[in-house]
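A lone chain, given as structure tokens: the form predicted alone.
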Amino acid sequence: MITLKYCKKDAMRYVSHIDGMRNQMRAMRRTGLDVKFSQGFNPHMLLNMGVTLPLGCGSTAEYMTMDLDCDPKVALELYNLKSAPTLAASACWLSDRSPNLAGNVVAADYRIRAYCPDKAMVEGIVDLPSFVIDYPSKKDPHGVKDIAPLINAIRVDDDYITVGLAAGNTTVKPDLFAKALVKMGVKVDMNDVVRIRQYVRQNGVLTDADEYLDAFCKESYRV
């Protein structure tokens, strides 16, 4: 198994998860690497894209795993050669079995460009017993959600707010969190919301996905 860590930036932020998967499959075909396919009437490339990124959000920490036995350096270099720069990869791991990041990731950090006049107010959100935000869906366009139990951390710097939110099977959409900040008087650049880190939970502790892969996999390569 090969797992690639790649970015999603610029115009690619507006490509859906499904279309992004098709794009990655085409890129892998162009590499000439022998990625395995499923069996049956309609075979498809055995490629897993991990936790879905909300449309419009960028990322420096996306992962995809392919059923492929290959030197991780070769896989990363060929992928970057044949893929768009807006999806460039920065690391690659080789393992005997799938790390199943789609099932194991439970949280992610997001960096939101914002001007925050009241740092204490925003960082204090993490300590609130309840933080209800607008959370519309197809079933309930006027829905709301209490996300207080799903916020792990908040840090305010000069130009950015970094927030740790639940991701995976239980998730908080970072764009909806950002819109909640706007209602609090924070000036947010909604075009600059970026996922910068993903986490799995090991022995009750959040572990960076890179560290998890380093321990899980037998070989890696970074650029």
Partner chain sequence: MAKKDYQAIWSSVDHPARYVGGEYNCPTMTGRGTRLCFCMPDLYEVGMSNLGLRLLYHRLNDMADVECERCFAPAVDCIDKLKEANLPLPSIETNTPLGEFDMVLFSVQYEMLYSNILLMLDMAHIPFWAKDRGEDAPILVAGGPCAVNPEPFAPFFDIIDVGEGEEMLPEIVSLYRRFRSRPEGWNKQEFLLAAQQIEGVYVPALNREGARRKVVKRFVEDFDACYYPTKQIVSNLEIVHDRSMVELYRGCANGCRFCQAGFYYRPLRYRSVGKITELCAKLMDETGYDEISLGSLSTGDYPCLKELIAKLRPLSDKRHVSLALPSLRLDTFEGEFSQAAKKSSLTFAPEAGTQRLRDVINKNVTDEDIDRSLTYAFRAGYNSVKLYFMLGLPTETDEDLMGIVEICKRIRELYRAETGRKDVTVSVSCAVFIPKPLTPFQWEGQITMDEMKRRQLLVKDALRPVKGVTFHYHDDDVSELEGIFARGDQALAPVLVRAHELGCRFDGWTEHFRYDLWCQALSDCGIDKRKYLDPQPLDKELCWEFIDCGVSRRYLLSERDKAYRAVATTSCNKGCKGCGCQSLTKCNRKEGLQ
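No experiment lies behind these values; they were computed from the predicted model shown. Positions refer to the first chain, counted from 1.
Quick note: we don't show the form predicted in complex with its partner chain, though the next part is all about it.
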{"property": "Partner proximity in the predicted bound form: Lys119 to its partner chain, non-hydrogen atom cutoff 4.5 Å", "result": "no"}
{"property": "4.5 Å heavy atom contact, Asp159 and its partner chain in the predicted bound form", "result": "no"}
{"property": "Non-hydrogen atom contact Ala84 with its partner chain in the predicted bound form at 4.5 angstroms", "result": "yes"}
{"property": "Residue contact check: Thr207 to its partner chain in the predicted bound form, 4.5 Å heavy atom", "result": "no"}
{"property": "Proximity to its partner chain in the predicted bound form (heavy atom, within 4.5 Å), stretch among 65 to 73, 193 to 201, 37 to 45, 150 to 158", "result": "37 to 45"}
{"property": "4.5 Å heavy atom contact with its partner chain in the predicted bound form for all of Val15, Arg26 and Arg30", "result": "yes"}
